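Just one chain follows, in the form predicted on its own, and it is written as structure tokens.
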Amino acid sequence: MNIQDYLVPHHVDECLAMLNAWGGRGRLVAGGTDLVASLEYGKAQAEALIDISAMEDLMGFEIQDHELVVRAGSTHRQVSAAPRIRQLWPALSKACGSVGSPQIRNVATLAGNVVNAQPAADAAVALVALGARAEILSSGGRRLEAVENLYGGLGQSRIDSSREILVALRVPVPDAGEVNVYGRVSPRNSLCLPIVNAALSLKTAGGTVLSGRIAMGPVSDRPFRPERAEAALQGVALKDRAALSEVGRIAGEEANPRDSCLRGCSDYRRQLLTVLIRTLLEDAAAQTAEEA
């Protein structure tokens, strides 16, 4: 690392001015659980770190205009522990609670999970399934982008954190009959990367799926949506276990995981995904039955 300065802005305008002053040689840091390691091993470069953890206008979350707005400084612990999020967005709550260890969740941020652009990132997989959007600020103004469109390749984010600020993540409030779930398969429950993970968001009525979003990882260079499996969900009765199994089979067939010494061979991971998607669909069916 060749860090020449460490800056602590207190509001967004000051932060943006610092980024502009360093002309692409500064990087934003919040929890730093990913960035510091990348800097140490030369995978990322920066001459100045701009710490957003003291910026009150990037703290907290709230529901406004039929959206959950999670600001960039919100940690995984804060999101996973919030009763309202646990009630309306259990997929996001569970995904954030699956990240690392309690120590990591206390400092790592949901926004950082997105900017790091890893396809297995638990919270990012949930956000893609939930149809979340990112609010991004730069000297050119503000823009909204679907989280699933922020990936330029493995570990390559379309957000330039040397010139832009991911201000907030915006997640739609579920409508009546809409359910969401998250799950992962890993060797142990903490401090462990998932072998596979997935999240579902289903719109249902009368025990039938109207439409659904599925996000899976790590089976691509980004959280992956199996389009054929999503199409196969339409019109499926939630009590039809054979149909739910078929959707899981299609999702596993669409996945393209690589052989990995860490996670296992591709065929094994496809089979795991088939079972995981089926299990999550059954969990969503049970959740719908409870709410009926």
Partner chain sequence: MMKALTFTLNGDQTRVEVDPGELLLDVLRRRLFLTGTKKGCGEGECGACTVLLDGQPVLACLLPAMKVQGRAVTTIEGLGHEQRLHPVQEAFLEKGAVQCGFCTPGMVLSSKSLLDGQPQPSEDEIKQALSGHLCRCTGYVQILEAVKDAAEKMTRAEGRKGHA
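Treat the numbers as computed from the prediction; the structure is a model and nothing was measured. Residue numbers count along the first chain shown, from 1.
The protein also exists as the form predicted together with the partner chain; that form is not presented, and the subsequent description refers to it.
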Each of Arg27, Ser139 and Ser161 within 4.5 Å of the partner chain in the model of the complex, by any heavy atom, yes or no? no
Is Ile3 close enough to touch the partner chain in the model of the complex, meaning at least one heavy atom pair within 4.5 Å? yes
With the partner left out of view, is Leu191 within 4.5 angstroms of the partner chain in the model of the complex by any non-hydrogen atom? yes
Check Lys203 for me: does it contact the partner chain in the model of the complex (non-hydrogen atoms, 4.5 angstroms)? no
Using heavy atoms and a 4.5 Å limit, would one call Glu253 a contact residue for the partner chain in the model of the complex? no
In the model of the complex, which of the stretches 219 to 227, 63 to 71, 49 to 57, 232 to 240 has residues with heavy atoms within 4.5 Å of the partner chain? 49 to 57
As a check of understanding, the residue in Arg133, Arg77, Lys94, Arg213 with any heavy atom within 4.5 Å of the partner chain in the model of the complex should be identified as Arg77
Considering the partner chain in the model of the complex, which of Gln87, Gln103, Gln156, Asn149 comes within 4.5 Å of it through any heavy atom? Gln103
